[in-house]
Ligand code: DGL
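Given as structure tokens, the chain that follows is alone and in the form predicted alone.
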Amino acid sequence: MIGVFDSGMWGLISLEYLQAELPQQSFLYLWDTKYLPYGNKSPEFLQERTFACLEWMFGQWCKLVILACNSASAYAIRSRQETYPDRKVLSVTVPGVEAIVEWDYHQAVLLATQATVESDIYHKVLRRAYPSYTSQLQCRVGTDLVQMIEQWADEQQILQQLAIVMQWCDDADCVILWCTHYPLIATLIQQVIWPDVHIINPARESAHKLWYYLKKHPEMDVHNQISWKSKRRENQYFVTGDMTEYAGIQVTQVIIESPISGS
């Protein structure tokens, strides 16, 4: 079983992409509703809380977990991989960076949360994986956008905020949606940028890359669900807060303790 983790329910969008690429695979989805959102949390909290949630997911027979939350990935994924090499943790962050290079973009605009921007994770990944590649990354913090999406704000309000956030991006050749909230407003983002500017959705990119990853690493696919002949198993959905159902999905509440609470 493959795990998918996010601080909120918007990681379900990432899950949809994953299911489209691996229709026979079963997934365990955990969202940390007790402490959402992650975008304004401290680095210490993000690392400790993410580690605690990953440990719980590994205890549910997930050998592979996808971090759909970029804020969590920014502070947790590298050290987590080094500490537990037998348990694989992937994120939507690296495929987003890879897309910049693969499509030869050199003026990228990063739309992210405050925590992701402050981590500088995108520059670190780019320098480590592609040291000779030159690309200018402009950072745009969309914290207010996240709150507006959470509150189901009017489209006109979101467009007005986008116009503020995305100003001075006339020379951009791509915009990266580095938060699981932003794919929900991708069509609105396209309205405030030049028509020929490409939008990169790391969630979609990571789902596509996962298919190839499992082909190369069958040991990470516990139930061998990569086989197109295998029978689809049911997904499992868990939350850490007080919730029993979301959009018709039955969820189970779990208690996950971590050394650091709050922000």
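In case it trips you up, residue 1 is the first one in the sequence shown, and so on. Quick caveat: nothing in here was measured; it's all calculated off a predicted structure.
Keep in mind that the form predicted in complex with the ligand is missing from the display, and what follows is about it.
Legend entry - Contact label in the predicted complex: L162 to the ligand, heavy atom within 4.5 Å: Residue-level check for L162: no, no contact with the ligand.
Inset, instruction - Using a 4.5 Å heavy atom cut-off, state whether V97 contacts the ligand in the predicted complex. - result: So V97 does not count as contacting the ligand.
Inset, instruction - Examine L36 and determine whether its closest non-hydrogen atom to the ligand in the predicted complex is within 4.5 angstroms. - result: So L36 counts as contacting the ligand.
Legend entry - 4.5 angstroms heavy atom contact with the ligand in the predicted complex for H181: Yes.
Inset, instruction - Tell me, please, which stretch of 127-135, 111-119, 187-195, 154-162 lies within 4.5 angstroms of the ligand in the predicted complex when heavy atoms are compared? - result: Answer to the contact question: 111-119.
Legend entry - Interface residue in the predicted complex among V146, A76, V175, V89, criterion: non-hydrogen atom within 4.5 angstroms of the ligand: Answer to the contact question: V146.
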